[in-house]
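Okay, here we've got a single chain as structure tokens, the form predicted alone, with questions on binding and movement later.
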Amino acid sequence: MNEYLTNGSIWTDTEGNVIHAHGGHIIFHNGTYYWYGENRTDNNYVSVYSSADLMNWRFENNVLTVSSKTASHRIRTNTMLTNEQGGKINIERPKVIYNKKSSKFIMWMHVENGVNYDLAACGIAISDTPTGNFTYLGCFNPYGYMSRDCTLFVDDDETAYFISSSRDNADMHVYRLTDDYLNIDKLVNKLWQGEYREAPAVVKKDGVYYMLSSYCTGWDPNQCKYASAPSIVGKWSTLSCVGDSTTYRTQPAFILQTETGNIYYYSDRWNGDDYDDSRYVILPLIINDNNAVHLDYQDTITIK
């Protein structure tokens, strides 16, 4: 049993296998945490792990693969899970949320064609259970816009938002989702025009929204920045730096607020030469009373 995690080391599940959950997302459901993320090994796209303590993770399933079931959607989508050459497409930054009205688990993700980055689409998948095989409903460009690095955020009133980089990553778009979380309802905000932000991650504390994001430097790490707002659809502050000049050689994946109220920055330490050898770094995210965000490095972490 893990009493602490060593940042930047190889993390394994309870069976001793390497954890593949890059660019991922954690949800808490019925007393269990579920960690979803990219798994590019073999014919896999997305895997899920479960944990009671956020320290020890059990592999549950490869929930999205090249052979996953597909289904038509009420909107026009591309449901191909392989490209025209027969190769794998790119599924990146999968995020999962639970819809209380439908009792469904909804996954949104960034989709590319596996050949180039011209598609710039968002994709949707759905499941009855957190660890079950997800059905892929296809990908599309919201209102015709490009959509790349992305995240999901569910507010206190169960309104969900999909946030993604647009216009070749120059702008960040905030979309309100429909009540079933299966479509875009409205584009409610366009943020930081021309500042080229990606890898968004959002948390809400004491009624204030905070978003972290990175600059666009490919696999190479850069300075993470944050902004805050009293309303997700309103005016956001200008961007401010957090962490060091490379954010401790990481890029944001998501922000987790645990059931105890502690807030953690989950990130990837990418290896551009060997993607499957990319590592994870988790750090406490401290938000002061003046809305300032602080991120300090530590070699080991115990999640509480």
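One-based numbering along the sequence shown. Quick caveat: nothing in here was measured; it's all calculated off a predicted structure.
Only in words, not in the display: the form predicted together with a small molecule, which the text now covers.
For the candidate set G218, G86, G234, G194, a heavy atom within 4.5 Å of the small molecule in the model of the complex is found for exactly one residue, namely G218. Put simply, E92 is close to the small molecule in the model of the complex: some heavy atom of it is within 4.5 Å. Of the heavy atoms in Y117, some are within 4.5 Å of the small molecule in the model of the complex. At least one heavy atom of Q251 is located within 4.5 Å of the small molecule in the model of the complex. Note that among 125 to 133, 92 to 100, 152 to 160, 179 to 187, the stretch whose heavy atoms approach the small molecule to within 4.5 Å in the model of the complex is 92 to 100.
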